[in-house]
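As a starting point, one isolated chain is supplied in structure tokens, in the form predicted alone.
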């Protein structure tokens, strides 16, 4: 008998491990802590959303997993190697699409492959395939100034996926988009994930977005995990998922927990919003 997705993932070795991770602003032990003793595991294939009030450390978690910054103390492993040294196959998607304005859509999509020395024919084929999957192959010869916000983000997503990552880190990539475009991109993101099953960490301020996308939601408060919650809605998730009573019930439940966690963090020393 085939086990449920969450049960199958729990049997796999973790792709990401954080053990007692603390991150401070400076080297002084008296400096304010962005993260304070964070510990969790992520199994291959999980889609984990990080939510919480501004300043709780969500984006810092992504940067630590990406190896862009080192923890003050504690251990971070990605694919069983230290995050700051491992050549693990990771891709990072930011809120800004970060496209080079002088390059065409196709050239932007090929850029990471070019930097890795992939031959021109191979990188063009892979980039065009991802642009097709992202439904923007017809825009391949345009420049970023000719694209909408949603189209730019599709290019950025296609470019990240050309690396064929095992781990995708997304820092509020759809926050600047209108609600309808955002919902469409949520659906397309999950459709792309069905093809390759990468593990994802997704930072968002939208509870509904987190519920729609995730297998699991971590609510952060004052640099710690206040709640670690499974999302047992079946995949594939489509526009009709948002109409289901179970979806609305989860959004309400997690919204209440988020408000409680935010309230309990009051009185802690404030951290700048740039740490999110």
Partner chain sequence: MNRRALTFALPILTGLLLIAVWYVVRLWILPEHQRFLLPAPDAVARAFVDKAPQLAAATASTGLGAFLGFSAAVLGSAVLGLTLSLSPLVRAGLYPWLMALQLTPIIVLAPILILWVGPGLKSVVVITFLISFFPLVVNTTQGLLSTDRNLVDLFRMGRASPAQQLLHLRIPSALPYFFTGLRIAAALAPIGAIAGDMFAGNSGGGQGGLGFLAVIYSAQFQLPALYATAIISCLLGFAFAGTVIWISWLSLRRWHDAYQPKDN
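Every value quoted in this text rests on a predicted model; they were computed, and no experiment measured them. Numbering follows the first chain given and starts at 1.
Separately, the form predicted together with its partner chain exists; it is not shown, and the next lines address it.
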In the predicted bound form, which of the stretches 194 to 202, 129 to 137, 104 to 112, 173 to 181 has residues with heavy atoms within 4.5 Å of its partner chain? 104 to 112
Residue 44 versus its partner chain, in the predicted bound form: is there a non-hydrogen atom within 4.5 Å? no
is_contact(residue 66, its partner chain) in the predicted bound form, heavy atom dist at most 4.5 Å: yes
Does its partner chain come within 4.5 Å of any heavy atom of residue 124 in the predicted bound form? no
In the predicted bound form, does residue 164 have a heavy atom within 4.5 Å of its partner chain? no
Every residue in 98, 116 and 145 with a non-hydrogen atom within 4.5 Å of its partner chain in the predicted bound form? yes
Which residues within 171 to 193 place at least one heavy atom within 4.5 Å of its partner chain in the predicted bound form? none
